[in-house]
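The chain below stands alone and is given in structure tokens; this is the form predicted on its own.
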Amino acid sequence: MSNVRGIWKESAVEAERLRIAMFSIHSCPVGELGTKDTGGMNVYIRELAGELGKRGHVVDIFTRIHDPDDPLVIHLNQNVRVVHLKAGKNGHMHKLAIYPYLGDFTSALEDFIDRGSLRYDLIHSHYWLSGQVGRWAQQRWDVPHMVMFHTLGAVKNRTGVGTEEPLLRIATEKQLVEHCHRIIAATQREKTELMRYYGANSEKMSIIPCGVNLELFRPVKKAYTRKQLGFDDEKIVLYVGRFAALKGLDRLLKAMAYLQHERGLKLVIVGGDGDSAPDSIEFQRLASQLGINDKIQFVGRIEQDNLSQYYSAADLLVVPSYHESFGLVALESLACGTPVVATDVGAMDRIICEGKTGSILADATPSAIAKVIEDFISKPHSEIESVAAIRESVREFAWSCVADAMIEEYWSLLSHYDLCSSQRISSKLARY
């Protein structure tokens, strides 16, 4: 495929339209949110690709087959496709177990590209496994390679929570940091971590935040949503997320044990792989041990289209995570007009207005979390921003704004890559 690289200047002159190959190997953008390995990154890819497609850019998202019934191609949005390719056995595989099959994935990718006589202007990889495929494709296609890691192995290991990330992951991430052409960080915190743990070049990185779908996540009248969801007049604290150890649900449950004296207080937990999943059983057992079953309601996984009801019904969302690369659920809650209490992770310091739209925990011990929850739900309404004002505080994070910034970054990357290519050619000619 010697002609895979599309000369981007030609496409710019003709239609200002880019052809983008996105890689999301281990996690399918159309997978069920809230289940294992399916979370914020999937939302990010789907929403960003959709906005790019609206602007006329063509996006193919390549992922592995998870279900034997997965069609080869799903037309996700205007100009956006999800392409399922073989990598290991069908069904869920541990992320590390996928690594030996990346060669099979790239072979299937090559076949798909050749059959369709496809070309791309650039590669946008998500996560380290995808970055490895993106690095191969970059060398083969001679187009620029942009990486967004979403999480970093070295940073996860620093928290000391959950399973230790393998040296293979960290070594691969270091290679990607060195060899890719552009790195997108969601926060200044992530940029600093990339420089500290991986020696990333500051000039190679750009910060573009994650976004929120303001059409999907919007306020719904609290009384109406509570009636629809079967909630009474109690104060509702909400948790939304996967049950991974890094999400910190354990310390939120322990915090609720300090609030047993609070009458009419309930913690509603959205997420998980179902009541019979090991993680769900573990947290239900912990709630029983703490004697707080009467204050806890596990509602399971909720479709994203219905999440705004839960955000709107709640008095407060709590994000108790040990680590977040950004923290999309906080944005979603604020877009619905519901304040957020969160640990100092991800973009919380940027999206939460202290004391008005929420609070950032200086101390993340269960007793401290309980104290902040108690203080916040006891605040007079006059001390908390209105629903409309809370929503307005995150308007700048609309996906349309994120897409605008990313498109500008794409063109900047292409300009730089084209210039470097010209310099390489000139250098070679000068030798003769």
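Please read these numbers as outputs of a predicted model, since none were measured by experiment. Numbering starts at 1 and runs along the sequence shown.
Not pictured, yet referred to below: the form predicted in complex with ligand UDP.
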Practice prompt. Sort through 67-75, 108-116, 200-208, 297-305 and report the only stretch with a non-hydrogen atom within 4.5 Å of ligand UDP in the model of the complex.
Written response: 297-305
Worksheet item: Is A87 close to ligand UDP in the model of the complex, meaning a heavy atom pair under 4.5 Å apart or at it?
Response: no
Worksheet item: Hey, in the model of the complex, is R242 touching ligand UDP, heavy atoms inside 4.5 Å?
Response: yes
Worksheet item: With the partner left out of view, is G327 within 4.5 angstroms of ligand UDP in the model of the complex by any non-hydrogen atom?
Response: yes
Discussion item. Given that ligand UDP is not shown alongside this chain, does G271 nevertheless sit within 4.5 Å of it in the model of the complex, heavy atom to heavy atom?
Written reply: yes
Worksheet item: in the model of the complex, do P29, F62 and F149 all reach within 4.5 Å of ligand UDP through at least one heavy atom apiece?
Response: no
Worksheet item: Considering E190, E332, D121, E173, which brings a non-hydrogen atom within 4.5 Å of ligand UDP in the model of the complex?
Response: E332
Fill in: in the model of the complex, the residue from A370, V43, V402, A364 that sits within 4.5 Å of ligand UDP by heavy atoms
V43
Item to complete: Just give me the residues of 80-95, first to last, that have a heavy atom within 4.5 Å of ligand UDP in the model of the complex.
Response: none
